[in-house]
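Before any questions on how it binds or moves, here is one chain, the form predicted alone, in structure tokens.
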């Protein structure tokens, strides 16, 4: 692997996982590694040791003068390695690059930390993102567009005039996880194979044009009502609930002014979850474009270049 070419290692370090990608100067991903040591699972916050152990097979082959390291995600939060102050929204590539912090490692390499973004215009409290801003930069901010990033905390983002203009968080994935692990609704679920229609039925019930569909706290009880009335199979409870929650995210996003029927959005992130969001978006009357899967790596490279390595 050793050559005169320069390389960059991008770390997407979240709460549950650490993902590392090795890229060459042409921004091609050469190799990937993954570790279960998300920031929640690092003993005594010994982040540097975990990182260097993971990367030793790469670092040992690459002269330090040819290697750049850049990190994004919750590793830059107050619970992570280095708390990097948020950059104010609207935020440009240059704004984020200026907000990056650099820390030397004990092997003499510098690690560059990418900041998150804060939107103080959000009511009643400021909204924040960490990690998704790098994916957005990787997709490009040169167009007026709506980008949806599904996840535990799903983000709806507008880019405008070469900036991340505004965003809004929906805790859809977290609510689903809580329901599945702790609710009486989930106790109805059995371990059989769900039907292909269960997810669709939940999403379309959430998007339905009748007054009761507006009330999420009431709609969540539909899973139990459906089982009691023998209209939902117990094998289908989890899929129905997933569809219901994602459908309500789109319903509420529309109410918050994120889209009207017939408009286009870009969805980027996990393949399986993105496929679900794509289905619901189409049922909500939207045109969908899927964003590139290496958006985080490309965004990190863009920010590192703007910073001037």
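Just so it is clear, the model here is predicted, and its values are computed rather than measured. Residue numbers count along the first chain shown, from 1. Each form is matched to the other, and the largest set of C-alpha atoms that superpose within 1.5 Å is called the rigid core.
Separately, the form predicted in complex with another copy of the chain exists; it is not shown, and the next lines address it.
message: So, a 4.5 angstroms cut-off on heavy atom distances: do all three of 16, 191 and 193 pass it with respect to another copy of the chain in the predicted bound form?
response: No, the candidate spot makes no contact with another copy of the chain.
task: Could you tell me which of 87-95, 207-215, 137-145, 109-117 sits within 4.5 Å of another copy of the chain in the predicted bound form, going by non-hydrogen atoms?
output: Comparing against another copy of the chain in the predicted bound form, the contact stretch is 207-215.
- prompt: Which of these residues, 68, 252, 278, 35, gets a heavy atom within 4.5 Å of another copy of the chain in the predicted bound form?
  reply: By the 4.5 Å criterion, the partner-contacting residue is 252.
message: Can you work out whether residue 162 and another copy of the chain are in contact in the predicted bound form, taking contact to mean some heavy atom pair no more than 4.5 Å apart?
response: Heavy-atom contact with another copy of the chain at 4.5 Å: absent for residue 162.
- prompt: Applying a 4.5 Å heavy atom distance criterion, does residue 99 contact another copy of the chain in the predicted bound form?
  reply: It does not: once another copy of the chain is placed as it appears in the predicted bound form, residue 99 has no heavy atom within 4.5 Å of it.
query: Would residue 268 sit within 4.5 Å of another copy of the chain in the predicted bound form, counting heavy atoms only?
result: It does not: once another copy of the chain is placed as it appears in the predicted bound form, residue 268 has no heavy atom within 4.5 Å of it.
task: May I ask you to state whether residue 183 is within 4.5 Å of another copy of the chain in the predicted bound form, using heavy atom distances?
output: Yes, contact at 4.5 Å.
query: Taking another copy of the chain in the predicted bound form, which residues along 164-193 bring a heavy atom to within 4.5 Å of it?
result: Read in sequence order, the residues that approach another copy of the chain (within 4.5 Å, in the predicted bound form) are 166, 168, 169, 170, 171, 172, 174, 175, 178, 179, 182, 183, 184.
message: Once the core is superposed between this form and the one not shown, does residue 88 show a C-alpha displacement of at least 2 Å?
response: It does not reach a 2 Å shift.
- request: Kindly check if the Cα atom of residue 139 is displaced 2 angstroms or more between this form and the one not shown relative to the superposed rigid core.
  value: Moves: no, less than 2 Å.
field: After fitting the core, residue 233 CA displacement of 2 Å or more between this form and the one not shown
entry: Yes; that C-alpha moves by at least 2 Å between this form and the one not shown.
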